[in-house]
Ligand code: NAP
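The data below hold one chain only, encoded as structure tokens and taken in the form predicted on its own.
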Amino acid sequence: MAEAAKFDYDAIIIGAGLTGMYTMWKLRQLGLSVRIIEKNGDVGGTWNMNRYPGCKLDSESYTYAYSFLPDLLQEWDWSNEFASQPEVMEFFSRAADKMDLRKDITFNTRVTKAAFDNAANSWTVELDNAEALSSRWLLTAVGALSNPIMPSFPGMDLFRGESYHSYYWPHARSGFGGKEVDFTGKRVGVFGTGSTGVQIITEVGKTAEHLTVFQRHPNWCAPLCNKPIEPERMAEIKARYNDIFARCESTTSGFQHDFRFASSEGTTAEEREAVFEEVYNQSGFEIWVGHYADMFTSPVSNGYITDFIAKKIRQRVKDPKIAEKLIPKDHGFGLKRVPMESGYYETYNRPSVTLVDLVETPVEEFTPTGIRTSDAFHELDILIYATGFDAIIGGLKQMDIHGIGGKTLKESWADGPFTYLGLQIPEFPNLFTLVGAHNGATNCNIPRCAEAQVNWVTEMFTKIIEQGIERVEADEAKAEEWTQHVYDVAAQTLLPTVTNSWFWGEFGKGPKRGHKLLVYNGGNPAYRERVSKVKANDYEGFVMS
């Protein structure tokens, strides 16, 4: 491309996680010069950073793997149905080596500002090392869960014990100078009972002298049913990879599971109980997306599965009062992403574990030796914050992104995300947001849907190169239509009844302040069909010049 002499790179990608790595590989195959800027010290994104105890996949390992490296797939033996963090990280690290990516990645560097030059049709990207780079194209692959958040309590900085956020867990295993955290003989406190908290609590409860769980809102959890993958089965998986990936492409959520029935209407209690019992004991998200599809649209159907899971919690937790505290009262099963667990509820049967309901007994203050709530003082040696992320758009908000006329992304999204297909934003030409807000790859088994998205964007770049296109921008009317479609689809479901999940963000000021959905809930096949039609209509809605 002619601009190679004018700009530092044809394309700059922000983020060296699973999506960013694949995007670089594909764009390099088109002959483009590409540079990735990565804030952390290695590839892998979430699997590089989240090294907390118990961290593992909730997608089956072999459905989470890259599909486009057949040699690696045949060389690699997954040890378990749901691999733990070190194994997942090693797989993607080896994938990076296979693709020879690291030489074109700038590590331990943050993007502080990105500004579009309307005359030159290019981006200038400023880094925290005082360097500024220019490129025709800018692609963000910052990840859905990459911007951790901390709670705010009085005197937090007074605590003198060890404290960790799950995202910033010490990297002892990789020689980064960190240390293994030993809970033996320690009094440990954990804030958070989402997916991360559930995994940490289960592991820490096994060895800590005492574990105190500080819970704001309980979540519906279900058994992961993890198990080793024996050599014979691994050989069978290797022979079926193409079928496995094709299955994932065809399902609503990109997992190998999909709904068995459209509706629970007309079923008997006995029939439903049999279905629920079967899927409850199946591995992975079968219990979430493997029975009645109208669980997401019918309060009655959702009530059936909610009552079933509540009954399971009461059976597994011995103390009825604790069991009731662990049963959500503010939303039905499946309306948030379901934490998958391996003995989580049984953890509360240990005499060394205390559950603190922060709604009933809120935190009053931190002290050097622990936490005082309204009814007790909890002495602690270690504090763990599993308090989640500013999801989906948090990574973008961290950067100062300016479009046409200096308009900032924060200004553009003051009242909520505004995109076309979740891929481009009006008035921000030549910027592509991969696995971002209102995007078909975000509420999905991400590697499966992200690969499809990167393939689609790469096909657009083939046209861009062939026709010498210098500028691509989302049509504002098409973006308005898409954004409204995202909300209309959600309005047909029960999702809007639950806004305290990472599927939602809070926007606006004053009386207009409210929650807006951050994900596309139309499903994987519907999104693929939509973007296929856009491509067939010569990328309708993308203004190219």
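For every residue, the number given is its place in the sequence shown, counted from 1. Keep in mind that this is a model prediction, so the values were computed, not measured.
Same protein, other form: the form predicted in complex with this ligand, not shown, and the subject of what follows.
So this ligand isn't shown here. In the predicted complex, which residue out of L383, L358, V353, I469 has a non-hydrogen atom within 4.5 Å of it?
Looking at the other structure, the residue within range turns out to be L358.
Note which of L145, L73, I322, I237 lies within 4.5 Å of this ligand in the predicted complex, where distance is taken over heavy atoms; exactly one does.
Residue within 4.5 Å of the partner: L145.
Every residue of R51, R187 and Y345 near this ligand in the predicted complex, heavy atom within 4.5 Å
None of them does, since no heavy atom lies within 4.5 Å of the partner.
So in the predicted complex, does G192 come within 4.5 Å of this ligand, heavy atom to heavy atom?
Heavy-atom contact with this ligand at 4.5 Å: present for G192.
Although this ligand is absent from this view, report whether R28 comes within 4.5 Å of it in the predicted complex, heavy atoms only.
Contact with this ligand, no.
Going by a heavy atom distance of 4.5 Å, is F389 a contact of this ligand in the predicted complex?
F389: contacts this ligand in the predicted complex.
Within 4.5 Å, heavy atoms only: does P151 come near this ligand in the predicted complex?
Result yes; P151 sits at the interface with this ligand in the predicted complex.
Just to confirm the contact call: exactly one of 192-200, 272-280, 115-123, 451-459 touches this ligand in the predicted complex at a 4.5 Å heavy atom cutoff, so which is it?
Contact-bearing stretch, as computed: 192-200.
Residues of stretch 498-521 in contact with this ligand in the predicted complex (4.5 Å, non-hydrogen atom):
Residue within 4.5 Å: W502, and no other.
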